[in-house]
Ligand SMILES: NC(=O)C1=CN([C@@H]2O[C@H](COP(=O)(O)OP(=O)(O)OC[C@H]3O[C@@H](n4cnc5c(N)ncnc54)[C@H](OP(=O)(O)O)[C@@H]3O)[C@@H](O)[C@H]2O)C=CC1
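Heads up, the chain below is alone and in the form predicted on its own; it's given as structure tokens.
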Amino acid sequence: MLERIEGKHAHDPLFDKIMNKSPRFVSVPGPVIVGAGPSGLAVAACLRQKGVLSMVLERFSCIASLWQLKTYDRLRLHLPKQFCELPLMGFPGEFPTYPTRQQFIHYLESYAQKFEIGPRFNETVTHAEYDKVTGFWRVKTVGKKTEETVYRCRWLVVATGENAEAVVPEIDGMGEFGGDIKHTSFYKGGEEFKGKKVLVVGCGNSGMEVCLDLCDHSAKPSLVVRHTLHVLPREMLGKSTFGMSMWLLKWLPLRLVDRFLLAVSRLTLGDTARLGLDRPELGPLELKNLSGKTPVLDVGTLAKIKSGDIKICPGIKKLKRHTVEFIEGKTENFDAIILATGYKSNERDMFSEIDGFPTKPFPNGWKGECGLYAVGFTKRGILGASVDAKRIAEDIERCRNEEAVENVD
């Protein structure tokens, strides 16, 4: 179908006039990787180690665009650095246990340099189609100046990740509010909100940390909590909570580990339900496995909630002029609203149309059909992406070697 369309366009002078020039065709001997975030870099590095060169396409002007362009200044890795390393290269020894945003970006840039990964920036993939006759993928992109390129490749790796697009909910009356409403992807720090009443919508790790940042900048934050959630201390018994969980799971069943985590959390943090933060019926690890919902690791926000510096609010019913009406009927004035409502995948091929994730659950979601792969969709962060990257590189190397033998025969 793509060839027929391109054939018609090639002989259509009106189309040429509109597009100025025909698409440029590029044949790629190795895989095309879509996305230059941690997942895409990991696959490219694993492939290069095996002697397989790849082409990395990135729609923004830098690697790790989410980290560089859409994260707030005070962000740190929520997990210890040993659980956030990409394959084949660890963090510098002098980095702290929880590297800062800038340190993580530096690590990724050094990683790309070490493995000689040079993405093609400002190229947005608009269409990808597999040609059953030739056995190759055609990947069409649009550049910064609307120029089109079609890449022809044997393997296609989708590495756009779980956080490709911001989730912005539709709230009744958003156009009437009049104050600043922004997603956390546009939030850098709390300086601009000094002395202002700010409503943060979303109580995940980002929402909790933004509230803490607002407090540190003398703002007056409130946090919308619509659902149950698990809040765990970032560290327990002198070790990271995540590391402790991974160690215990080697010896104990998941539900028993969940009981341990909740018992220690109650001793450390107290009863979070008294603060308006009810816990789910399922334990934190069981819930993570079933739904991908990550527990919140407390970095100081709970203390601010206990002191009253951060207020807990129910769900929003509608907005009016600088006013928020909550589902319980109460109204309150706010100067600004920050949507800590997360991100979603923007992929739909080999992926569910509901949530944009692979239709096959972890650990089998990395491989599709006809040389199509996915990395970074495990709901297990960088650790899961690293596992997938190694598997993809091994599979592509195997396919390449088998095809080489067939060509010799």
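What you are looking at is a predicted structure, and each value in this text was computed from that prediction instead of being measured. One-based numbering along the sequence shown.
Only in words, not in the display: the form predicted in complex with the named molecule, which the text now covers.
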query: Stretch in contact in the model of the complex with the named molecule, which is absent here, among 219-227, 270-278, 189-197, 323-331 (heavy atoms within 4.5 Å); finding: 219-227
query: Contact residue in the model of the complex, chosen from Q103, N163, S240, T149 - any heavy atom within 4.5 Å of the named molecule; finding: N163
query: Sole residue of K318, R154, K293, K81 within 4.5 Å of the named molecule in the model of the complex, by heavy atom; finding: K293
query: The named molecule in the model of the complex: contacted by all of V201, E209 and T341, heavy atom 4.5 Å; finding: yes
query: R76 within 4.5 Å of the named molecule in the model of the complex, heavy atoms; finding: yes
query: 4.5 Å heavy atom contact, W137 and the named molecule in the model of the complex; finding: no
query: Interface membership of Y72, the named molecule in the model of the complex, 4.5 Å heavy atom rule; finding: yes
query: Contact label in the model of the complex: P169 to the named molecule, heavy atom within 4.5 Å; finding: yes
